[in-house]
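Below sits a lone chain in structure tokens, taken as the form predicted on its own.
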Amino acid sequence: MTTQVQSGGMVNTTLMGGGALLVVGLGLALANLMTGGHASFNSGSDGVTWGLPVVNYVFFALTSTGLTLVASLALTFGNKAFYPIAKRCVFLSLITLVAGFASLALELGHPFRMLFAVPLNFQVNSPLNWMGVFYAVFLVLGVLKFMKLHASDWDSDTSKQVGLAALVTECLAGGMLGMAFGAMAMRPMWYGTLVPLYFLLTAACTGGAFALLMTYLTYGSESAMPEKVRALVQGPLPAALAAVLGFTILVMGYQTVIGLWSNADGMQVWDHIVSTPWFWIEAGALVAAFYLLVSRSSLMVAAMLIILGLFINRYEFVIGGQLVPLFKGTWVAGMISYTPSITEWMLTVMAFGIVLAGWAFGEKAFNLSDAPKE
């Protein structure tokens, strides 16, 4: 089945809107960086070291993993119902990873040093090192897989092998990202052997949400969707997303209760997190999204609520884990204070702009609605 979507309406609007976000976000961020350098970030070695740009990276990198998981339902596991969105998910997995890398690169200061610093000083015991390696390998495999799909090679042995390798690499990369946090015993909110699995679970949520949202943006409404796409968004896709989201909400609930109950030093940050309105916005957004998915109503809204809720969750996790100082009482009596700077927010705007504009460009240039003939 080869379906060429008429690239108009919401696709063109998203292309212009995403392009504007990209230009404004990148422009203001670069202007601040060129005049103020790293001082334009409200992060540093004496407080919160990993700020909002790292939140952006974690959010979009794991979204890339989730989109690969969604695409693999058709491309690796043979569920033909997901073929109509598989090519779009593969493309989006590349775009979201680029968005995450871009936000992180502009925060690092000298990102190109990695080209020689990593291979010449290869740290085999570092999860961060392996995370970078696996994501770099996935970018190559993901591009190769997309090229296969764009050439209408869906089912050859080579295409399937590349797809399987990309899936395994993405899961390893997302797991290594979880290990980078979970291995830090000095940060009790992060520490734990199940953090990599939690990252993969929530990655599936954001990946499914972006797949659902972009499918609606592609066609504008269910009435404009081809029959097989409409059947997918009315049945298997929201059902699978609801199941994963429901389990995620349950895990988050247990995580919160344990955090509030524990008296280990460092876990008192949970009292601070629960006292903020953002925690309740996150909880309300995810519960409302679950209800909409189960009731099969306002699915586009449900997808946006999941994206909002899990972005807040990424912020709480990354920033919250650093709010209790490592040497409590010696230089900070209570929690460390952190508010993202304008530069950091502009990198967030830029990252979302990359995703929106990149997806819309892909719809117009690469026919992301293509699927194999039956």
Partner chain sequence: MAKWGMVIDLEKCTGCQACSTACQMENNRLPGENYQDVLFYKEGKQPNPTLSWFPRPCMHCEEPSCMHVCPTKATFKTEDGVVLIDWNKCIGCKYCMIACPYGVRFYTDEKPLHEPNIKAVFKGEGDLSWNPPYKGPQQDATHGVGIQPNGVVSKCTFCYHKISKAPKGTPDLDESNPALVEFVPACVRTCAPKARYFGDLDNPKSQVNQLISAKKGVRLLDHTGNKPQVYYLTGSGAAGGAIPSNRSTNKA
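Keep in mind that what you see is a predicted model, and the values were worked out from it rather than measured. Numbering follows the first chain given and starts at 1.
The form predicted together with the partner chain exists for this protein as well; it is not shown, and the discussion that follows is about that form.
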Practice item. Establish, in the predicted bound form, whether 78, 224 and 304 all lie within 4.5 Å of the partner chain, using non-hydrogen atoms for the distance. Key: no
Check your understanding: From the list 117, 197, 288, 143, which entry has a heavy atom within 4.5 Å of the partner chain in the predicted bound form?
Key -> 117
Study note, to complete from the structure: Of 276, 295, 126, 161, the only residue with a heavy atom within 4.5 Å of the partner chain in the predicted bound form is 126
Review point. Given that the partner is absent here, does residue 45 sit within 4.5 Å of the partner chain in the predicted bound form, heavy atoms only?
Key: yes
Practice item. Please check if residue 265 has a heavy atom lying within 4.5 Å of any heavy atom of the partner chain in the predicted bound form. Key: yes
Review point. Looking at the partner-bound form in the predicted bound form, is residue 27 within 4.5 Å of the partner chain by any heavy atom?
Key: no
Review point. Taking heavy atoms only, is residue 191 within 4.5 angstroms of the partner chain in the predicted bound form?
Key: no
Practice item. Quick one: find which of 63 to 71, 49 to 57, 345 to 353, 304 to 312 has residues within 4.5 Å of the partner chain in the predicted bound form by heavy atom distance. Key: 49 to 57
